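Listed next as structure tokens is one chain, alone, in the form predicted alone.
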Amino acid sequence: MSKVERASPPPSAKTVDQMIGEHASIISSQLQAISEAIFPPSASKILRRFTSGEAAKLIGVSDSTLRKMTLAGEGPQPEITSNGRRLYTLSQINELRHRLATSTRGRGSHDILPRRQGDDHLQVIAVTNFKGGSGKTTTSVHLAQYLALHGYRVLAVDLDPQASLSALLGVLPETDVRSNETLYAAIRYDEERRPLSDVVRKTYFYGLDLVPGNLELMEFEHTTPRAMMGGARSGESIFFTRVAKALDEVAEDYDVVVIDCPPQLGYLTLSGLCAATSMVVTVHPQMLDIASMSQFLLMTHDLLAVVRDAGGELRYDFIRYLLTRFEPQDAPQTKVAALLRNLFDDHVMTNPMVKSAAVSDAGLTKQTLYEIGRENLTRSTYDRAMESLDAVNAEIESLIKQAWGRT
């Protein structure tokens, strides 16, 4: 028997594909059981209410202003708890934003209701990296929720077939997303293509909508080469324009689109990058990850150059590198962070995403830090994590405002 030959398994032995299939079934059923224990089939995720102090901070006014509005019967009335605390839903907070922005008669209204106006273009932010585990989905979901909390109309697009973003936003890819209900429905090449508005879903998070993902997205990787070789009519084969065209259909409904890209450079990622107006590259500050990022940038450069030569337009308002899972006390990570800042200067975001047990603890129940109340975690841990998250997202928000010509 040659070195490369394989001995035939006994008749009773399982084949590799059978074993993998059984393992997949076991883990899938177990995950489903855990999910149903946390969120029963008849239940759906509900966003917590916010204290008057939290509401005032989100809107950018004083707590006394909201108290006066409540006493005067102006705007939505909060829930009053037995100990006298006033609690607001996110929908009520946004209603208060509208009322206060109108009452300012233009002065400071952009700060209270920071939506795009006039010639402000839709901001499409692609969160990407070549390497899995770099914090793309964590960054994407917290950024989308932060912007929704601060009054923006946000669309989250799950471009990753693993669909972790969808799961965090309350949509289970295995059970809640059927055939032709992902972004693929709006970018496919055949007669089953649907308008993007047909697959956009409202979420429990007011102001944040979702285009869910699941394994169906992989179809785009298989059908695109066939469409390109087949020479589909009317430019149908130009794959890199398809996500942009789909987003154009719903552009008037949103201020910001956040795209969670898959961890590889396929047709999906390239089409997402070509639709983007800005890019955030998540980087774990370790040398192996930096080496991977180098390969990602080289490949992206070559592929986007081909896209440009084919007539694609690439106009980015900003490109930033975000340090994720950063541990300030870790000397090697600090050195890598310093290296990146020395190489890329202002392209590296000032604020890193600090590694925190609070984010991991929230993820155990498919929640984010913006969903979990301060009382559910160790306060010092929660506060440190929130400070880091808010700083990162506020920095990205400031870049969005700069792109719109605002200070």
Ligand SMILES: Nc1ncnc2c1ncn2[C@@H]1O[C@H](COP(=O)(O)OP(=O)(O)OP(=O)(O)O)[C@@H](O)[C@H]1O
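No experiment lies behind these values; they were computed from the predicted model shown. Residue numbers here begin at 1 and follow the sequence given.
If you look for the form predicted in complex with the ligand, you will not find it shown, but the lines that follow are about it.
Using a 4.5 Å heavy atom cut-off, which stretch among 272-280, 135-143, 190-198, 67-75 contacts the ligand in the model of the complex?
Careful reading of the contacts points to 135-143.
In the model of the complex, does each residue in the set D160, M353 and S356 place a non-hydrogen atom within 4.5 angstroms of the ligand?
Answer is yes for this spot.
Can any non-hydrogen atom of T378 be found within 4.5 angstroms of the ligand in the model of the complex?
Flag for T378 set to no.
Find out whether any non-hydrogen atom of S360 is located within 4.5 angstroms of the ligand in the model of the complex, and reply yes or no.
So S360 counts as contacting the ligand.
With a cut-off of 4.5 Å between heavy atoms, is G170 one of the residues that contacts the ligand in the model of the complex?
So G170 does not count as contacting the ligand.
Should H150 be classed as touching the ligand in the model of the complex when contacts are defined as heavy atoms within 4.5 Å?
Contact with the ligand, no.
Could you work out which of R116, R320, R86, K131 is the residue within 4.5 angstroms of the ligand in the model of the complex, going by heavy atoms?
Result of the distance check: K131.
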